[in-house]
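Here we start with a single chain on its own, the form predicted on its own, put down as structure tokens.
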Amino acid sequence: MIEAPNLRLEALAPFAFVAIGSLVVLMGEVLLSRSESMRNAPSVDVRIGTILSFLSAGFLLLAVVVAAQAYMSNTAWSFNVDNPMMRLDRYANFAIGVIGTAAILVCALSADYLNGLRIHHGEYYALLLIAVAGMILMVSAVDMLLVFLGLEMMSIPIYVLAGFDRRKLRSNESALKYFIIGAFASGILLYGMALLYGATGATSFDGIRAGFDPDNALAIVGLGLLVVGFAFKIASVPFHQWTPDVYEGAPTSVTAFMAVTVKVAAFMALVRVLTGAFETTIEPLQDILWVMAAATMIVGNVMAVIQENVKRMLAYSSIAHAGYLLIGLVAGTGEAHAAVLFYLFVYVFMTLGAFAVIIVLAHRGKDAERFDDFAGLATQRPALAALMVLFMLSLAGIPGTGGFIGKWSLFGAAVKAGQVPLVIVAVLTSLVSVFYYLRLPVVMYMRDPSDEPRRMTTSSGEGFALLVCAAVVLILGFFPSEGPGVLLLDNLRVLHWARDSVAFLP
């Protein structure tokens, strides 16, 4: 008689909340649109969209709270105890908390922005929640099959979201490009997993680690294809070409979601795969990652200098930051991996903050995405201009911001691991980045505003997102290990969280 598997349903709790939330949002839109009181209300689509935004944020908050409680209890649950394919440990909970928080802020930013574009539909939030559910599977997976399942569950909704404003040709073009290149990346990744299965006879991380032979050509090719597949998702050179076009063409709220959550999920899944299934000191792996990191930093920063579109500039900026993060994988130490997690945490808030300013300035269905659109912003909306300066300084790594602490910890860990030449490349390219990051403050403070009308209001959701992003960037710039002891801020110990999380990696 076949015994029933020993299941721990607690391991599925964050995933279940988000997945169920996507169904509730879809059904909620139908029920609200048929409600008599809602049909007779003015601006019915706006009201329904706002309700769905709050509902989506509520389910995401439940997932974050569950992950935080599991993190604090220091438990590690496997869904199937006898054959674990996913593990809800501190590493996964840290990732879920970051992804869920970023998605909540995106929901807050989306409501008013989508109303302006007149595309505020329940499908948007359902697709966003499904993508987050896929990310949760990715970062919790300890088996290649579940990694691929989570990757596809994340990617397919984002293909649709990139083309959500289907009336615009640019949005359709970005969705098509992302879909085609993403499909190739998924195929390469799956082929690499198949070769690794052929070489090791296992799909679990532990089985691959036990059976992996660095002298086996089949295993090395499989590892190479696996890294290439992930390189597409993290937008690493030379697999970055899709990034600026997709970032520019997609609705800005979708671009913000992609820029932060996809990066976090892909990097944290990649760290878990490389540390769990392979020895990170394998020479071919280190050589591949070294070249990718150097090329990504150089190309991302140099190409960002010549951009006239702010969204394209931020796209190349995200490519450059992928290069910085790859330094931590090249170093391969526990300290370097903790620095990667801390950097990802800071990256979420400084990048999301920059996109939030662009969203706030969107007016009458038109994005403020060119440098000229920011001319004279300091005279008309000084608080917004000051926030944009803060986020640009943090992205550049200027002292007093979270971005500086992130680079300091990452570069320091790499130097200790003997990766001095790569750190020199990182420092030099960071100096290049100062030019294009400070170009925006110069335009805002030293040029006269244009005659075109500018949006002069900020919704409560947008204000909330901007406030959270600015507060985190500033607090982590001065108190990276422990907050200033005000209210709950003394428990903001992100560096400690990162170090505790990587302790669960092999």
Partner chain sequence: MEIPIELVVSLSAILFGIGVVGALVRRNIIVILMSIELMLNAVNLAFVAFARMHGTNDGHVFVLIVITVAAAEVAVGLGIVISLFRNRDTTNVDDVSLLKW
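Note that the structure is predicted; figures quoted are calculated from it, not measured. Numbering follows the first chain given and starts at 1.
From this point on, the text means the form predicted together with the partner chain, which you will not see here.
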- Task: Considering the partner chain in the predicted complex, find the one stretch among 261 to 269, 157 to 165, 430 to 438, 336 to 344 with heavy atoms no farther than 4.5 Å from it.
- Result: 157 to 165
- Query: Can any non-hydrogen atom of E173 be found within 4.5 angstroms of the partner chain in the predicted complex?
  - Reply: yes
- Heavy atom of G323 within 4.5 Å of the partner chain in the predicted complex: no
- Please run the contact check for Y71 against the partner chain in the predicted complex: heavy atoms, 4.5 angstroms, yes or no? no
- Message: Does any part of K177 reach within 4.5 Å of the partner chain in the predicted complex? Heavy atoms only, please.
- Response: yes
- Message: Within 4.5 Å, heavy atoms only, which of V305, I424, I288, L149 is in contact with the partner chain in the predicted complex?
- Response: L149
- Query: If you check V415, I398, L145, A295 against the partner chain in the predicted complex, which one has a heavy atom within 4.5 Å?
  - Reply: L145
